[in-house]
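A lone chain, given as structure tokens: the form predicted on its own.
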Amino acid sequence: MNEDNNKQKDKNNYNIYYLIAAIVLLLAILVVAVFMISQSKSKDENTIAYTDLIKQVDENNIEKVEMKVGSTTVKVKIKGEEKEKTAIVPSTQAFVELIQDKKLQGNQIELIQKERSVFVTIFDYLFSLLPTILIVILFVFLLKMQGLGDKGKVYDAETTKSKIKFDDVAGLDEEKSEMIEIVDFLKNPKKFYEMGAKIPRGVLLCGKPGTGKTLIAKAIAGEANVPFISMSGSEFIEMFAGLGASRVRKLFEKAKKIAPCIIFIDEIDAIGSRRTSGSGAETENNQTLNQLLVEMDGFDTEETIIVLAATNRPEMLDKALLRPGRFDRQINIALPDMHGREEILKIHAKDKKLEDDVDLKDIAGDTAGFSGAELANILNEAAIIATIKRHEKITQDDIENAIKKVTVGLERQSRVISDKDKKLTAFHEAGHAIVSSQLETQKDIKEVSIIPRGIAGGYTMYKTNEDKYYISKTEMEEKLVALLGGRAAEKIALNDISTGASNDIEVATQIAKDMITKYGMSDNLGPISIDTEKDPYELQLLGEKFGDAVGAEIKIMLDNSYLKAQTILANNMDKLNKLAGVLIEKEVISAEEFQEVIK
């Protein structure tokens, strides 16, 4: 750890030195430029051409000539003029002989010859070398930029062996079993060669952010006990053209020297996106991708090098990158299920002090849809909360508060809320809760609060005790009704509406739009999918009237949901008023308290 810190410190120092050197160089160039401009301006005013100078000498108009040994610049005093003028003479010796001849002829010319100072001589010499120095500095800078091709971090076998193994990766049982073959390839390549099998060139890990793509890549290297070269896709791209391709070449040269090994390219979509016929940066990306394709094709049969790449946007990748012989396998890393979440929580809870009443299984049930990184963040936030509250160990309440902080936002107890806003928020959240309690798929209320969190003035939290891979049309329709329950409560109970429902309406509109255009759930339009993000003109291809029909369907769906929410609340006004009153008094009610109120 200390060695890594020292390396990082040295790297930061080098960066500071380079920055200081660049600033000094820039200032020097500016000073020289200003000096040269000022000199050129003064020269224009007080300069005399050599032919004019000879003419003045011939006409006996020169009073004094002053010059320095070794310099071609002379100062002359012309009769009748106050200021001296300068001139450049092609040959100082010939000019001196001319002046002496004129003096012999009777011209009254004072000739003064001075020795040049050592300082001026050195300054002139260095000034003449300045362009060469600048070119050398620029050349060294370009060489340094070219050397950045060696950016990939190498973790040797001992380092990877001592760090991450498959036991440290939870919630990815199927993915790990798939990766065992890769580990076997790296450990015992000879038996596969003898059978005539070829080692897979590349494995593409696809999944949402935080699902463990980088973690499982490091675990493969740790299990196989081989070096691991890690590099991000964005590190290949620089401001200088050709550097991306150069870095790809150097990366694979490094891998060939230490094979068997693993190359891991994170966020490969930064260089692997579809090639275009554009120019500039797009051309540079194309060259980098082409070089990657060439290098993956150029592996020798005996070279045990496997390229692992991770992306959360596989649809962006070029098809040539995904063909057999390059990324032979694609492994989709999904969000963990309930059992996987529990195992992930156990791993991240190993180094934390937990109270005996902490139920990780219960927490796993309440965090459906969370990634491994989000689960780790929840336990970390719970540890911070427990430390602030001076608990000896992390309690279940600390973890519950951490979940609320991550999902809803930071609690704002200090915010001063007027009675009018408090009443409005109470009826809004009560509307969500009452409407949800009357819907079959939305009735599991966990907590209702009117304490501001994040940007929300209040919230209604639902239990998420099961993993859902598919959502039915009924569930989506009832979700729309529940979302619009807050606005409906404002209208019915207070005969007014507020901006507090803006996020609810935004989410509801998006759900209705997806139901019509993505999932084909419209009875009138039928099973059709329209993706205007991929093709903005797709809607126009179906005709002008079709676009109007889509908009009309979305509006009808939202209007019906809003009307249904109002109907439910109108039939349960006593419950709405009672729940809003309890919320104004207590601010937060649990699932049990909610059930008592609505009974």
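Quick caveat: nothing in here was measured; it's all calculated off a predicted structure. Numbering starts at 1 and runs along the sequence shown. Rigid core: the largest C-alpha set superposing within 1.5 Å between the two forms.
The discussion below concerns the form predicted together with adenosine-5'-diphosphate, not included here.
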Assert contact residue (adenosine-5'-diphosphate, in the model of the complex, non-hydrogen atom within 4.5 Å, options P260, G365, G210, G409) equals G210
Picking from N401, T395, N107, T214, the single residue whose non-hydrogen atoms come within 4.5 angstroms of adenosine-5'-diphosphate in the model of the complex is T214
ask   = Is V169 a contact residue for adenosine-5'-diphosphate in the model of the complex, using a 4.5 Å heavy atom cut-off?
value = yes
### Query
Looking in the model of the complex, any heavy atom of H348 within 4.5 Å of adenosine-5'-diphosphate?
yes
ask   = Is G458 close to adenosine-5'-diphosphate in the model of the complex, meaning a heavy atom pair under 4.5 Å apart or at it?
value = no
Check: Within a 4.5 Å heavy atom cut-off, is I344 in contact with adenosine-5'-diphosphate in the model of the complex?
Finding: yes
Within 4.5 Å of adenosine-5'-diphosphate in the model of the complex by heavy atoms, the stretch out of 520 to 528, 129 to 137, 434 to 442, 368 to 376 is 368 to 376
Determine, after fitting the two forms on their core, whether F370 shows a C-alpha shift of 2 Å or more between this form and the one not shown. no
For F228, is the C-alpha shift between this form and the one not shown 2 Å or more after core superposition?
-> yes
